[in-house]
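Next up: just one chain, as C-alpha coordinates, the form predicted on its own.
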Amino acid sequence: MAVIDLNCDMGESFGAWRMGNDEAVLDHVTSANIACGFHGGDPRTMRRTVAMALARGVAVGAHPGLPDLQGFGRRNMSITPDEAYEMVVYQVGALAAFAQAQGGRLRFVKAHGALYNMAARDAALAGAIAAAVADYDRSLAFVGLAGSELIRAAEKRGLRALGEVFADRSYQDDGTLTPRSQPGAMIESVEDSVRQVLSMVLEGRVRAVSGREVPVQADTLCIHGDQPGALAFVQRIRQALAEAGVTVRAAAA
(Lines give C-alpha, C1' and ligand atoms only; values in the text may rest on other atoms or scores of the structure.)
Protein backbone atom coordinates (compact mmCIF):
# COMPACT_ATOMS: atom_id res chain seq x y z
CA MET A 1 0.00 0.00 0.00
CA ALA A 2 1.33 3.43 -0.93
CA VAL A 3 2.04 5.82 1.94
CA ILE A 4 2.85 9.54 1.75
CA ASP A 5 3.43 12.37 4.20
CA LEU A 6 1.68 15.63 3.34
CA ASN A 7 3.60 18.71 4.45
CA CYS A 8 2.96 22.43 4.19
CA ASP A 9 5.16 25.51 4.60
CA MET A 10 3.53 27.77 7.17
CA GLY A 11 3.99 30.14 10.08
CA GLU A 12 5.24 32.76 7.61
CA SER A 13 3.24 35.75 8.85
CA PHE A 14 5.28 38.58 10.34
CA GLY A 15 4.04 41.35 12.63
CA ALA A 16 0.89 42.87 11.12
CA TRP A 17 1.50 41.07 7.80
CA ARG A 18 -0.58 37.91 7.37
CA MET A 19 0.33 35.08 5.02
CA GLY A 20 -1.66 31.94 4.26
CA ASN A 21 -4.57 30.17 5.95
CA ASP A 22 -2.55 28.04 8.34
CA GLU A 23 -5.27 27.13 10.81
CA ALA A 24 -7.54 25.66 8.13
CA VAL A 25 -4.74 23.95 6.19
CA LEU A 26 -3.46 22.26 9.35
CA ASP A 27 -6.65 20.20 9.47
CA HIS A 28 -5.56 18.42 6.28
CA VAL A 29 -1.78 17.96 6.47
CA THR A 30 0.41 15.62 8.51
CA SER A 31 3.57 17.74 8.82
CA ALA A 32 4.10 21.49 9.27
CA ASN A 33 7.28 23.22 8.06
CA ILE A 34 7.31 26.27 10.34
CA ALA A 35 9.26 29.43 9.48
CA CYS A 36 11.92 30.37 12.03
CA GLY A 37 12.08 34.16 11.71
CA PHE A 38 14.64 34.67 8.93
CA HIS A 39 12.53 34.55 5.75
CA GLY A 40 9.20 34.85 7.55
CA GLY A 41 7.64 34.33 10.94
CA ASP A 42 8.26 36.00 14.28
CA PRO A 43 8.28 34.70 17.88
CA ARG A 44 4.51 35.06 18.35
CA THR A 45 3.74 33.43 15.00
CA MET A 46 6.18 30.61 15.71
CA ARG A 47 4.60 29.92 19.10
CA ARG A 48 1.05 30.05 17.74
CA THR A 49 1.76 27.84 14.73
CA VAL A 50 3.55 25.23 16.82
CA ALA A 51 0.60 25.19 19.25
CA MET A 52 -1.92 24.71 16.44
CA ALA A 53 0.12 21.88 14.93
CA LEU A 54 0.60 20.07 18.23
CA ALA A 55 -3.11 20.35 19.03
CA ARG A 56 -3.90 18.50 15.79
CA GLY A 57 -1.18 15.86 16.10
CA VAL A 58 0.68 17.33 13.13
CA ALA A 59 4.45 16.74 13.10
CA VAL A 60 6.41 19.94 13.75
CA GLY A 61 9.39 20.74 11.55
CA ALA A 62 11.81 23.68 11.38
CA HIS A 63 11.88 25.58 8.08
CA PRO A 64 15.09 27.65 8.17
CA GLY A 65 15.74 30.11 5.38
CA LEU A 66 18.00 32.94 4.29
CA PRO A 67 17.94 36.19 6.31
CA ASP A 68 15.77 38.04 3.79
CA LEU A 69 12.35 39.07 5.08
CA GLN A 70 11.81 41.55 2.27
CA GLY A 71 12.49 38.94 -0.40
CA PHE A 72 10.74 36.16 1.55
CA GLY A 73 13.92 34.08 1.40
CA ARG A 74 13.47 33.45 -2.32
CA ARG A 75 16.41 35.52 -3.57
CA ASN A 76 19.77 33.79 -3.94
CA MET A 77 22.47 35.07 -1.60
CA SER A 78 26.19 34.41 -1.73
CA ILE A 79 26.85 32.57 1.53
CA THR A 80 29.62 30.25 2.68
CA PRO A 81 29.00 26.75 4.02
CA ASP A 82 29.97 27.99 7.48
CA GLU A 83 27.35 30.75 7.27
CA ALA A 84 24.74 28.23 6.14
CA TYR A 85 25.62 25.98 9.08
CA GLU A 86 25.28 28.84 11.58
CA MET A 87 21.97 30.07 10.11
CA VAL A 88 20.47 26.60 10.34
CA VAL A 89 21.62 25.86 13.90
CA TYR A 90 20.28 29.24 15.05
CA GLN A 91 16.85 28.79 13.48
CA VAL A 92 16.38 25.11 14.31
CA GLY A 93 17.24 25.80 17.94
CA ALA A 94 14.67 28.59 18.10
CA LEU A 95 11.83 26.52 16.67
CA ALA A 96 12.76 23.50 18.81
CA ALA A 97 12.53 25.69 21.91
CA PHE A 98 8.96 26.69 21.09
CA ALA A 99 8.02 23.04 20.57
CA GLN A 100 9.60 21.96 23.84
CA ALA A 101 8.03 24.85 25.77
CA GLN A 102 4.60 23.60 24.68
CA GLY A 103 5.14 19.97 25.56
CA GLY A 104 6.09 18.75 22.10
CA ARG A 105 9.29 18.25 20.20
CA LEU A 106 10.80 18.99 16.83
CA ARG A 107 10.59 16.09 14.35
CA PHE A 108 12.36 17.22 11.19
CA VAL A 109 14.13 20.03 9.34
CA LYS A 110 13.52 21.32 5.82
CA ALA A 111 15.36 24.30 4.36
CA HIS A 112 13.30 27.02 2.74
CA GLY A 113 13.21 28.76 -0.63
CA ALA A 114 16.48 29.89 -2.15
CA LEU A 115 18.52 28.14 0.54
CA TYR A 116 16.78 24.85 -0.33
CA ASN A 117 17.19 25.29 -4.08
CA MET A 118 20.81 26.42 -3.86
CA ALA A 119 21.73 23.47 -1.63
CA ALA A 120 19.85 21.01 -3.85
CA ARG A 121 22.58 21.66 -6.45
CA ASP A 122 25.55 22.62 -4.24
CA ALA A 123 27.11 19.72 -2.34
CA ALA A 124 29.05 22.01 0.02
CA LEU A 125 25.96 23.96 1.07
CA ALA A 126 23.94 20.76 1.40
CA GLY A 127 26.67 19.24 3.53
CA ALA A 128 26.70 22.28 5.81
CA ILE A 129 22.93 22.14 6.33
CA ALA A 130 23.04 18.41 7.03
CA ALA A 131 25.94 18.90 9.45
CA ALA A 132 23.99 21.57 11.31
CA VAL A 133 21.03 19.24 11.76
CA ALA A 134 23.20 16.27 12.76
CA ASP A 135 25.19 18.32 15.27
CA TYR A 136 22.02 19.73 16.80
CA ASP A 137 20.05 16.46 17.00
CA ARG A 138 20.73 13.53 14.73
CA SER A 139 17.38 11.97 15.61
CA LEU A 140 15.71 14.63 13.45
CA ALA A 141 14.59 13.64 9.97
CA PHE A 142 15.98 15.68 7.08
CA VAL A 143 13.69 16.72 4.24
CA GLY A 144 15.21 17.55 0.86
CA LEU A 145 14.38 17.62 -2.83
CA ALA A 146 14.13 14.03 -4.04
CA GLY A 147 17.34 12.89 -5.74
CA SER A 148 19.25 16.08 -4.89
CA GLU A 149 22.49 16.94 -3.09
CA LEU A 150 20.40 17.54 0.03
CA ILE A 151 19.40 13.89 0.19
CA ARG A 152 22.95 12.69 -0.50
CA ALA A 153 24.34 14.98 2.22
CA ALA A 154 21.81 13.76 4.78
CA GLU A 155 22.59 10.13 4.03
CA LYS A 156 26.34 10.77 4.39
CA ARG A 157 25.69 12.23 7.84
CA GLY A 158 23.59 9.24 8.88
CA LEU A 159 20.37 11.24 9.05
CA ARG A 160 17.02 9.85 8.04
CA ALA A 161 16.54 11.44 4.63
CA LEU A 162 13.04 12.06 3.27
CA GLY A 163 12.76 12.71 -0.46
CA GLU A 164 10.36 15.57 -1.09
CA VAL A 165 8.14 16.12 -4.11
CA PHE A 166 5.92 19.10 -4.87
CA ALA A 167 2.23 19.20 -5.65
CA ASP A 168 2.14 22.78 -6.91
CA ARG A 169 5.48 23.25 -8.67
CA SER A 170 6.63 22.12 -12.12
CA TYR A 171 9.87 20.25 -12.77
CA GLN A 172 12.91 20.42 -15.03
CA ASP A 173 14.56 17.48 -16.79
CA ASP A 174 17.19 17.13 -14.04
CA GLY A 175 14.54 16.75 -11.32
CA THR A 176 14.93 20.30 -9.99
CA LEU A 177 12.03 22.72 -9.66
CA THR A 178 11.31 25.23 -12.40
CA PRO A 179 12.58 28.62 -11.15
CA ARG A 180 9.77 30.90 -10.03
CA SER A 181 11.05 33.52 -12.47
CA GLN A 182 9.98 31.31 -15.39
CA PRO A 183 6.42 30.89 -16.73
CA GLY A 184 4.66 27.78 -15.49
CA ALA A 185 6.74 27.41 -12.34
CA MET A 186 3.59 27.22 -10.22
CA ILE A 187 0.83 24.75 -11.00
CA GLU A 188 -2.37 26.78 -10.73
CA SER A 189 -4.91 24.11 -11.69
CA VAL A 190 -6.03 21.83 -8.87
CA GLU A 191 -6.68 18.94 -11.26
CA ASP A 192 -3.27 19.32 -12.92
CA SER A 193 -1.78 19.18 -9.44
CA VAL A 194 -3.74 16.03 -8.60
CA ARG A 195 -2.50 14.30 -11.76
CA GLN A 196 1.09 15.17 -10.91
CA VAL A 197 0.69 14.02 -7.31
CA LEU A 198 -0.75 10.63 -8.25
CA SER A 199 2.01 10.06 -10.81
CA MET A 200 4.72 10.83 -8.27
CA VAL A 201 3.20 8.88 -5.39
CA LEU A 202 1.90 5.83 -7.29
CA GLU A 203 4.34 5.61 -10.21
CA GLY A 204 7.49 7.28 -8.88
CA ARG A 205 7.80 9.71 -11.76
CA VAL A 206 6.93 13.27 -12.73
CA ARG A 207 6.47 14.83 -16.16
CA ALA A 208 8.89 17.74 -16.61
CA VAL A 209 7.86 20.87 -18.50
CA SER A 210 9.69 19.45 -21.53
CA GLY A 211 7.47 16.37 -21.47
CA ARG A 212 10.22 14.08 -20.24
CA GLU A 213 9.34 11.56 -17.49
CA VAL A 214 11.69 12.03 -14.52
CA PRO A 215 12.00 9.42 -11.72
CA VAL A 216 11.37 10.67 -8.16
CA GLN A 217 11.38 9.15 -4.68
CA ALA A 218 8.26 10.47 -2.97
CA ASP A 219 8.46 10.21 0.82
CA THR A 220 6.81 13.54 1.59
CA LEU A 221 4.62 15.79 -0.55
CA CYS A 222 4.67 19.59 -0.21
CA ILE A 223 1.90 22.13 -0.59
CA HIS A 224 2.90 25.80 -0.35
CA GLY A 225 0.78 27.50 2.27
CA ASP A 226 1.40 30.96 0.80
CA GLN A 227 -0.06 30.19 -2.61
CA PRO A 228 -3.61 31.37 -3.39
CA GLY A 229 -6.05 28.50 -3.02
CA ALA A 230 -3.78 26.39 -0.81
CA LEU A 231 -6.77 25.11 1.18
CA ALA A 232 -8.64 24.00 -1.96
CA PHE A 233 -5.50 22.27 -3.23
CA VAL A 234 -4.85 20.33 -0.05
CA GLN A 235 -8.49 19.29 0.34
CA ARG A 236 -8.70 17.97 -3.22
CA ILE A 237 -5.34 16.23 -3.00
CA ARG A 238 -6.34 14.48 0.23
CA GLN A 239 -9.55 13.34 -1.47
CA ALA A 240 -7.67 12.05 -4.54
CA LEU A 241 -5.12 10.19 -2.41
CA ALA A 242 -7.88 8.53 -0.38
CA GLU A 243 -9.69 7.48 -3.54
CA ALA A 244 -6.45 5.97 -4.85
CA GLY A 245 -5.98 3.97 -1.65
CA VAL A 246 -2.94 5.96 -0.49
CA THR A 247 -2.38 6.25 3.25
CA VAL A 248 -1.46 9.76 4.38
CA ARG A 249 0.59 9.96 7.57
CA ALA A 250 3.53 11.85 9.01
CA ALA A 251 6.89 10.48 7.93
CA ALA A 252 8.72 11.92 10.93
CA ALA A 253 6.22 11.32 13.75
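Fair warning: this is a prediction, and the values are worked out from it, not measured in the lab. In case it trips you up, residue 1 is the first one in the sequence shown, and so on. By rigid core we mean the largest C-alpha set that fits within 1.5 Å across both forms.
Keep in mind that the form predicted in complex with another copy of the chain is missing from the display, and what follows is about it.
Partner contact region in the predicted complex: 32 to 40, out of 207 to 215, 32 to 40, 51 to 59, 188 to 196, criterion any non-hydrogen atom within 4.5 Å of another copy of the chain. With a 4.5 Å cutoff on heavy atoms, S181 does not count as touching another copy of the chain in the predicted complex; it lies far away. The shortest heavy atom separation between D135 and another copy of the chain in the predicted complex is within 4.5 Å. Mapping the unseen interface onto this chain, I151 falls outside it, with no heavy atom inside 4.5 Å of another copy of the chain in the predicted complex. Although the partner is absent here, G15 sits close enough that one of its heavy atoms falls within 4.5 Å of another copy of the chain in the predicted complex. Annotated contacts: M19, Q70 and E86 all touch another copy of the chain in the predicted complex [non-hydrogen atom within 4.5 angstroms]. Of all the residues from 87 to 101, those having a non-hydrogen atom no more than 4.5 Å from another copy of the chain in the predicted complex are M87, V89, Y90, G93, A94, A97, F98, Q100, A101. Core-superposed comparison between this form and the one not shown: the Cα of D42 travels less than 2 Å.
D68 shows a C-alpha shift below 2 Å between this form and the one not shown [criterion: core-superposed Cα displacement of 2 Å].
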